[in-house]
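There is one chain below, alone, in structure tokens, taken in the form predicted alone.
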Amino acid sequence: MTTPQVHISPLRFKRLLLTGAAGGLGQVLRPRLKARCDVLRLSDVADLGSAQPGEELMPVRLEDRAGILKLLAGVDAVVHLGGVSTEQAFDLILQANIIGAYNLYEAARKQGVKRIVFASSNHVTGYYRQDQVIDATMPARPDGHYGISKAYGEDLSRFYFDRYGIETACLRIGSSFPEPKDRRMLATWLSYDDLERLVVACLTTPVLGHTIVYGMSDNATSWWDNTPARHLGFRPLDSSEQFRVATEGRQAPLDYSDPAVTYQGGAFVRTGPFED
């Protein structure tokens, strides 16, 4: 077994890699991460548009092992948002989120990349109830194929830290949108500015280790306790409370027999069209 070494992270990087760069959060982070590096390498299977100054475009599928190995060449750190981000049939999840995650970590090992910010999900613990407050030390309770794939990614990253010393922050992202869409998101909302603060904290904290942190703003209602991740120095500055009156006013009365109202995973806990 290789003893993990501490790799102090710089405040500015020569080359960062952002996967999933054409997705919703990828588009948010693209200009913000460029300010943190000399070169920002961008990858996705969707259209990335034109390269801006200081950007490199390298589209590749996560299941393409040889392509991912090339993608990580010369990279100082990775922000990994790539993959399927919704509940889907298992075979689709398998390729992008499970095989793809393995390919990414194997490439990081071979290319000497020592820090990864991995977009996990609150759906790793979606089957905890909304009347519970949990932290990252509690067992996973994934609410579907997507949540299972992210739980796998967290375990995979833990192994690559213990065996090879690759540090990872697993971001159990809540609901990152301009504003909450429903009452559930009053608890899970993560503003774009707080998303940036969280990612930057994970990239620049001197000693990251293997850390699981919930991605949420400083919301009045909260189901998640980030005390085990306080060493990151992440302090959310925004809150969903400013949207409460409007959000509650437009939502229909809640049906408490609906598991989506009971469990933290919301609609992801409902039986979907992907099961026999």
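Keep in mind the model is a prediction, meaning the values are calculated, not measured. Residue numbers run from 1 along the displayed sequence.
What comes next is about the form predicted in complex with a small molecule, which does not appear here.
Visitor: I'd like to check something about Phe268: if you look in the model of the complex, is any of its heavy atoms closer than or equal to 4.5 Å to a heavy atom of the small molecule?
Guide: So Phe268 counts as contacting the small molecule.
Visitor: Might Tyr102 be said to contact the small molecule in the model of the complex, defining contact as any heavy atom within 4.5 Å?
Guide: No, Tyr102 is distant from the partner.
Visitor: Is there a heavy atom of Gly174 lying 4.5 Å or less from a heavy atom of the small molecule in the model of the complex?
Guide: The answer is yes: Gly174 has a heavy atom within 4.5 Å of the small molecule.
Visitor: Taking the shortest heavy atom distance, is Ser85 within 4.5 Å of the small molecule in the model of the complex?
Guide: Close contact exists here: in the model of the complex, Ser85 approaches the small molecule to within 4.5 Å, heavy atoms only.
Visitor: Pick from 131 to 139, 108 to 116, 155 to 163, 176 to 184: which stretch has a heavy atom within 4.5 Å of the small molecule in the model of the complex?
Guide: It is the stretch 176 to 184.
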